[in-house]
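As structure tokens, one chain now follows by itself in the form predicted alone.
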């Protein structure tokens, strides 16, 4: 969810890319997830890739096929328990993709995403127990990248390191009360102390898929 568009565009990682995930978590465990992929700085290269029949031995999807997969994901996710207001914005001119959804619990969010990805990819591995990447006990949020995403990143064959080095991944967690502490050394606390941001470049993230992992503890209610 954080990561559905990465699955659809994983073959474009050699382009200059900006990715952000923005998680708003309420005290009761409900909240909103927003996710954005911005390939506008490399839209010429992206268009050239999409003009190919195949890349790395795998078929290159058309814009129509990518849009169909995204819409299928939205339809399936919107039908899941505890998920609502699923929205996607697609720009095939600037190659900017935005996703958002509301959820009633962290478990509902993860289950909904896993089921949706499994159905559109026919990949049953996403239902495995180790695919939970968020946990929330009302006071502490523990987050990581799902293993099925880290494996995709790890297996990606690097062709243009310089493009990846200027790419940026930003991860934000927002809360209804102040943050007491967080573990990620790349993290920055907001001025109101109610949000934590972690930022890295996409090359470093490929080299170490755990750079965005974090444990965030909130002040007691």
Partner chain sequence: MSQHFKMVLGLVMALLFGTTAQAQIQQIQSEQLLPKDAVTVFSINNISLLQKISMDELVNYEFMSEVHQELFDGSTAGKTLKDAGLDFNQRLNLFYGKSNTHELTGFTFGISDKKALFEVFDDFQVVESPLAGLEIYGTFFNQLLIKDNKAILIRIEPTMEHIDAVTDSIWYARGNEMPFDFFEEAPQEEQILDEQTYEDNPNTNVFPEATENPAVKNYYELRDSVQVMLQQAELARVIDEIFVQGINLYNLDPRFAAQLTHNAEGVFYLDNARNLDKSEGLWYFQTVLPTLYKDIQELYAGNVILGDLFLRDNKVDFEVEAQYGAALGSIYAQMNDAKFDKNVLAYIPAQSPAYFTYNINLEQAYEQAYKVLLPLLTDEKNAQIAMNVLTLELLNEFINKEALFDTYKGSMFGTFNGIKKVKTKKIEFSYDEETFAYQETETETEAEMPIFTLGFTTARADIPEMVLKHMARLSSRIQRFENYWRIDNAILDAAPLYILNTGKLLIFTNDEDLARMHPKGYGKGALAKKERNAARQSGFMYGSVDIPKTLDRFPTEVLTPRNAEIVSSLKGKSGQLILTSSETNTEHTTFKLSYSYVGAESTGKHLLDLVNSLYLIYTLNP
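Small disclaimer: the values here were computed from a predicted structure and weren't measured. Positions refer to the first chain, counted from 1.
What follows is about the form predicted in complex with the partner chain, which we do not show.
Residue 189 belongs to the set of residues with a heavy atom inside 4.5 Å of the partner chain in the model of the complex. Among heavy atoms of residue 20, some come within 4.5 Å of the partner chain in the model of the complex.
Contact annotation for residue 76: none of its heavy atoms lies within 4.5 Å of the partner chain in the model of the complex. A residue is said to contact a partner when one of its heavy atoms sits within 4.5 Å of a partner heavy atom; residue 199 meets this definition for the partner chain in the model of the complex. Each of 47, 96 and 174 is positioned with at least one heavy atom within 4.5 Å of the partner chain in the model of the complex. Heavy atoms within 4.5 Å of the partner chain in the model of the complex are found in exactly one of 68-76, 87-95, 102-110, 133-141, that being 87-95. Shown without its partner, this chain lists 27, 32, 40, 184 as candidates; in the model of the complex, only 40 has a non-hydrogen atom within 4.5 angstroms of the partner chain.
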